[in-house]
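Shown here is one chain on its own, the form predicted alone, set out as structure tokens.
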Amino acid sequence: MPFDTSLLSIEMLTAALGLAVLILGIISPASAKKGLGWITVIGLLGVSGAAIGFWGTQGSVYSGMYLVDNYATFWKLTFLVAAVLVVLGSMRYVDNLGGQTEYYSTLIFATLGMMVMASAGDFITLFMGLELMTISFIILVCFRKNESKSVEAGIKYILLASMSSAVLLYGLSLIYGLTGSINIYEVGRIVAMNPVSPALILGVVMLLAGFGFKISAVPFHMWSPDVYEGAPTPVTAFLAVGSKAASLAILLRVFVAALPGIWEHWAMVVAILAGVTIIVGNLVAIPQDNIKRLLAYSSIAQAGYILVGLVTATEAGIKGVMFYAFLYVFATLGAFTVATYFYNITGSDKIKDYAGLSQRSPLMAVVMLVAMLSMAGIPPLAGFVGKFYLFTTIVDNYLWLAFIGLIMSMVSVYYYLRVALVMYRDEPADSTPIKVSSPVAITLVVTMLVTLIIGVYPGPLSEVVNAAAHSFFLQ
């Protein structure tokens, strides 16, 4: 069956960019490889421009196998923005570490996998995108191959990711066996017309377990702290935002589009999962003395907040998830970029070593503070608006979950401000100023400004996610 290849142009451009960076890295001399970071940034910005041109396009490839709509386009832009910021924030780190060719090309292919997931219209496409993303991240997690922690993190990630993928695939197989279709929207129509069977419920449970691993929801979060700590910090940042956002994109597509007919069977389970994830993530973050482990448990709690939007399975809930996921990218990347650069200068991830950071680098300290307060939901920062959108969707029927979110947000303020106190109150052991390189400074300033601007003026982003959420239901 012929199809319009232009609908796949964003993905083809991304794949071409990844291959181009790989080939350039192979044929160029070692002295020129430091320029690969800027080539990657320019290329990703070009792909982002092409993606913006797709806004308003509605179509599909091979009878719904691959979907192009505002919903998918929004997520693709989110992944591309995250990739650009990660590359900018990690140039100095990667230049010191070496392996620029492999790092940048693999990061691009991970982004491509996320794009495929966002547009997946059937189970096979979903799984192909998921595995492309996962395999790319496995390579990136153990990128520091001479360090035992990085290798250990890579081994843990590949074992647990393989197990979760197997569980997810088995759940998809059960649903296919019961419905006779792999098309997500066709599955939704068949499920709505037939009685619920135990096998279908088992399939849904397996889907929740598989996706729960990908977004680090409790009790499927056990891999996050160790992998986040052992992986190179820029990879940890991309894993925390990109992988989670892609998994949320397809999680919404599967549950809201394929399983709306049995909403009453999985809504309460998701609500409990969200509540437990919020509680565990915030409470276990309190005693952490390593900034990467603290941010890992914080990201687990953030996954719980985002899951709140799935509970109602409405357009408003999808809007809340997309709005919060977008601003979460900037807050998290701001914090992780500071952690990356600080480690690059000092070789330490210990919170106590951040003492006096406000004196050594005021920019790094203020970005870390703004990012953490935004994740805590303090007004007028973007995190407050995001949590407001999420929890207004559940107040009527799940007031207890809203209370959990409110209480745990106050708890999170404690461990976030503990880092702020170390940066602003304590005297530094080494008072040498930290000079921030230009790419890192760009990343820090952009993440901070976006976090502030969205908090004060959320209207434009709100209109964009409204259009994206509405297009979700037009397939």
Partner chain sequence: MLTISLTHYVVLSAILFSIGLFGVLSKKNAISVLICIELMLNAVNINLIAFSKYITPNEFIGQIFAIFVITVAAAEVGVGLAIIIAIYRNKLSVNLDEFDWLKW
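Just so it is clear, the structure is predicted and the values come from calculations on it, not from any experiment. Positions refer to the first chain, counted from 1.
Note that the form predicted together with the partner chain isn't included here; everything after this is about it.
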query	finding
Exercise: Lys350 in contact with the partner chain in the predicted complex, heavy atom 4.5 Å	no
Contact test in the predicted complex: Tyr297 vs the partner chain, heavy atoms, 4.5 Å	yes
Contact label in the predicted complex: His265 to the partner chain, heavy atom within 4.5 Å	no
Partner contact for Arg189 in the predicted complex: the partner chain, 4.5 angstroms, heavy atom	no
In the predicted complex, segment of 334-342, 389-397, 351-359, 177-185 with a heavy atom within 4.5 Å of the partner chain	177-185
Proximity to the partner chain in the predicted complex, single hit among Leu373, Val367, Leu80, Cys142 (heavy atom within 4.5 Å)	Cys142
Of Ile155, Ile279, Ile378, Val205, the one that lies within 4.5 Å of the partner chain in the predicted complex (heavy atoms)	Ile155
Non-hydrogen atom within 4.5 angstroms of the partner chain in the predicted complex for each of Leu19, Ile42 and Leu112	no
Contact set, 142-174 vs the partner chain in the predicted complex - heavy atom within 4.5 angstroms	Cys142, Lys145, Asn146, Glu147, Ser148, Lys149, Val151, Glu152, Ala153, Gly154, Ile155, Lys156, Ile158, Leu159, Ser162, Met163, Ser165, Ala166, Val167, Leu169, Tyr170, Leu172, Ser173, Leu174
